[in-house]
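Take a look at this single chain in structure tokens; it is the form predicted alone.
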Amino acid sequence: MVEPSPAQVKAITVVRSTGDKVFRGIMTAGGLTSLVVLSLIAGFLLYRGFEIFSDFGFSFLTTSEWNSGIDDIGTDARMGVAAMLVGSIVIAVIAIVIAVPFAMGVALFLEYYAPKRLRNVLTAILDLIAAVPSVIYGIWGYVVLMPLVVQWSKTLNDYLGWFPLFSVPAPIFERSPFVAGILLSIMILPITTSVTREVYSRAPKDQIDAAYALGGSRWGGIRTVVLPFGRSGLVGGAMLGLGRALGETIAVFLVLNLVFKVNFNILSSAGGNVASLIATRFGEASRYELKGLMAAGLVLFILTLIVNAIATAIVNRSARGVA
């Protein structure tokens, strides 16, 4: 085989049109703007809350007491967000555990079982539900959902009270993490379902048809083709929902008591999260407490970034087909 001489080798050049260059510049500027905005937010929170981290150190993350002191300089102040961090994680986990199975079922029904007209109607309704403000969810949760969940909580306590997670010291079940978790699961269900359904719709049709041709049922094709293919979409949708659940404010504030005590008993009427702490204290905070709230905001910001980074890693791993 004759090797081509250097003179015969032609360099491949890419000539971009003006439209391509403009589009590339806009996309690059948009991406850089997002990074700059995130950096500015983190820098602002760190600047405003640095004094709190300097005064309390790591104990700010490990203690549950919140006392802003007796004046604007924080004399005798004690601040810690451990209880609120635990509350944020507990509520978000409850929401994800409840929402993900429903999101998977609704996405599969819409894509592979529902008639086309019904699918279009239900998809439009799902998108409308996703646009409902969180305060509406909070009011509905307080008026309608809470009385129902209280009855469920009593049943769980009666039959599973021997397990510490469902054991309560007093039979008071209103405004509990369980109520907040169920409400958040309803809030994140539309976005989780939309992302999952979009990925399920892109499953390879030829492989599904091949499963049918080999005698498989509809569920067999879904189980062997669609579910493995859509695993990354399900994880991505769940993590998007988790990010919203971690940062939800008003809805949680309306259905959960803010108590500075680490609480793993999801049926007891005590809890809170970092976002509701900031919303509750911000209006009447002293200058020193305001710095504490900024520090708490930075902790929540970092926690959300960590969750998103883990989600990206899981999605990329699933997309490559790695178990």
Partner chain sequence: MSQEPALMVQPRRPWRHPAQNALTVTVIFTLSALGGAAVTAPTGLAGNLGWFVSFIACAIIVSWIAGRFRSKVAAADLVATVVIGAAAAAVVIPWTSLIYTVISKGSKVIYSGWFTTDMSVTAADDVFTVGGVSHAIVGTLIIISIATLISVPIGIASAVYIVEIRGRFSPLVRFLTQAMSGVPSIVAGLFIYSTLVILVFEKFNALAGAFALSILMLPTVARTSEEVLKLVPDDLRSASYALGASQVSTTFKVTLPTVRSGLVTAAVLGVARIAGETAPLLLTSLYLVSFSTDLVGKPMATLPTYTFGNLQIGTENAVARAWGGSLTLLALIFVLFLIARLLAGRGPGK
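Numbering follows the first chain given and starts at 1. Basically, rigid core = biggest C-alpha set you can superpose within 1.5 Å across the two forms. What you see is a predicted model; the values in this text were computed from it and never measured.
Not pictured, yet referred to below: the form predicted together with its partner chain.
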Query raised in the report: Tell me which of 182 to 190, 67 to 75, 231 to 239, 166 to 174 has residues with heavy atoms within 4.5 angstroms of its partner chain in the predicted bound form?
Result: 182 to 190
Query - Among the candidates 124, 160, 97, 213, the residue which, in the predicted bound form, approaches its partner chain to within 4.5 Å (heavy atoms) - result: 124
Report summary line: Among 105, 147, 204, 115, just one has a heavy atom within 4.5 Å of its partner chain in the predicted bound form, namely 105
Query raised in the report: Is there a heavy atom of residue 266 lying 4.5 Å or less from a heavy atom of its partner chain in the predicted bound form?
Result: no
Requested in this report: Using the partner position in the predicted bound form, report whether residue 244 sits within 4.5 Å of its partner chain, counting heavy atoms only.
Outcome: yes
Requested in this report: Give a yes/no on whether residue 259 approaches its partner chain to within 4.5 Å in the predicted bound form, heavy atoms considered.
Outcome: no
Query raised in the report: Can residue 57 be called a contact residue for its partner chain in the predicted bound form at 4.5 Å between heavy atoms?
Result: no
Query - Residues from 244 to 272 in contact with its partner chain (non-hydrogen atom within 4.5 Å) in the predicted bound form - result: 244, 247, 249, 250, 253, 254
Query raised in the report: Does the C-alpha of residue 30 move 2 Å or more between this form and the one not shown once the rigid core is lined up?
Result: yes
